[in-house]
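First, one chain by itself in structure tokens, the form predicted on its own.
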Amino acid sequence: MGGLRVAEALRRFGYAGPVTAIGDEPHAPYNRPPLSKEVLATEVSHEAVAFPQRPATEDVNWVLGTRAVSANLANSTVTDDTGLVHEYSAMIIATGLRPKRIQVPNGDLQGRHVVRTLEDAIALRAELIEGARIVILGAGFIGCEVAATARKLGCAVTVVAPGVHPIVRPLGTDLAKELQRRHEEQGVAFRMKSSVADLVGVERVTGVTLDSGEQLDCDVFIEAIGSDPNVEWLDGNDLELSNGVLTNNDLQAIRVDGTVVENVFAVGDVARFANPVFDGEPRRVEHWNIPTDSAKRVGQVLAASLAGDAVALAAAKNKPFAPIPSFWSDQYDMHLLAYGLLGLADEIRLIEGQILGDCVFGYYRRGQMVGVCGIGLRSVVQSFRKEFQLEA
């Protein structure tokens, strides 16, 4: 998604030169969030999630099924896993994330799944059959979305997670407890304050052993414990890669010594940048709008830079990059929508509705709203978006 949106933005802002997009998946760009939501409940296919290709990007050289394995910033080259060396005038890093996996003694078994790629979703969907016993490790958004989908398909679902309630870190205790209650009402079992110490089975998983020693039978084991940024291929270039690619406000990569690499950018989940809406702390933000918003910024800055248009470049840089993070999550008949960075809050309070029905919570840090999240009441949630606008 990030790569596609950058290509579109470059064309929109007037760059007409060659664009090469290297991606390790064999598919043209597609939308990932539905893979753990509505698409997983139906027949998973590329057609169901593919982004439309606009005429402006028809001439992009899509190098699919090919992985970038190294970069040499001094020589302005990228080498892929076929050994081909690609020269560039500017490089945009849009390599995103990969799912974390647990390391356990008996981990080499069939029936282990993650949900990140189209292939992941296709493989998992084939095993979500009525009556299947599912254990999900992780009670974040993906874990809870997959749990809801699996229950709707008639599976028996148990969620194992170390926290006290699902999605408690961003949502806060009250909303997280209510989310858990609604899942339990749908038949999901929870083993909170727990983790998986090992898998049970010979060739295929037949159960999991918890750190307490309890054993849970299962036919399918799903890991939803977070992600790691794909930055290893950038090693050796003195970039600050401690948690994704550190960038400035124009998404230009920053070296360990603090200097900026003028012709290297990062977009999407892999980029770590400060957002002046909140403060000066660089963060990676794994929300669905960030690839698009960061791609627009890079496209505008880079197109002006490549054209040598000092006026356009100054105009682009003078406007702070201040995207408003947003996400949504569909679970059963619950529709969650949020804006802001909920995890920054030191105070959370109900501001609309009733927690047992449709409701909206406000998230505040030192008295200032930093986030809003609602179950239903979409128009109310959207009305608070203006709280995050920077003053002109």
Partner chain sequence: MTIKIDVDMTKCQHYGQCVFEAPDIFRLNSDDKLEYTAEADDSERANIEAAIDVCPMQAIRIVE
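Positions refer to the first chain, counted from 1. Everything numeric here is computed off the predicted structure, so don't read it as measured data.
What follows is about the form predicted together with the partner chain, which we do not show.
Interface residue among Ala41, Ala48, Ile351, Val63 relative to the partner chain in the predicted complex, by the heavy atom within 4.5 Å criterion: Ala48. Checking 51 to 59, 64 to 72, 361 to 369, 340 to 348 against the partner chain in the predicted complex, the stretch whose residues place heavy atoms within 4.5 Å of it is 51 to 59. In the predicted complex, the partner chain lies within 4.5 Å of some heavy atom of Leu377.
Although the partner is absent here, Gln382 lies within 4.5 Å of the partner chain in the predicted complex, judged by heavy atoms. Within 4.5 Å of any heavy atom of the partner chain in the predicted complex lies no heavy atom of Tyr88. A residue is said to contact a partner when one of its heavy atoms sits within 4.5 Å of a partner heavy atom; His335 meets this definition for the partner chain in the predicted complex.
The candidate spot formed by Pro33, Ser326 and Asp330 lies fully in contact with the partner chain in the predicted complex, as each residue has a heavy atom within 4.5 Å of it.
Although the partner chain is not shown here, in the predicted complex the stretch 4 to 18 places heavy atoms of Arg5, Glu8, Arg12 within 4.5 Å of it, in sequence order.
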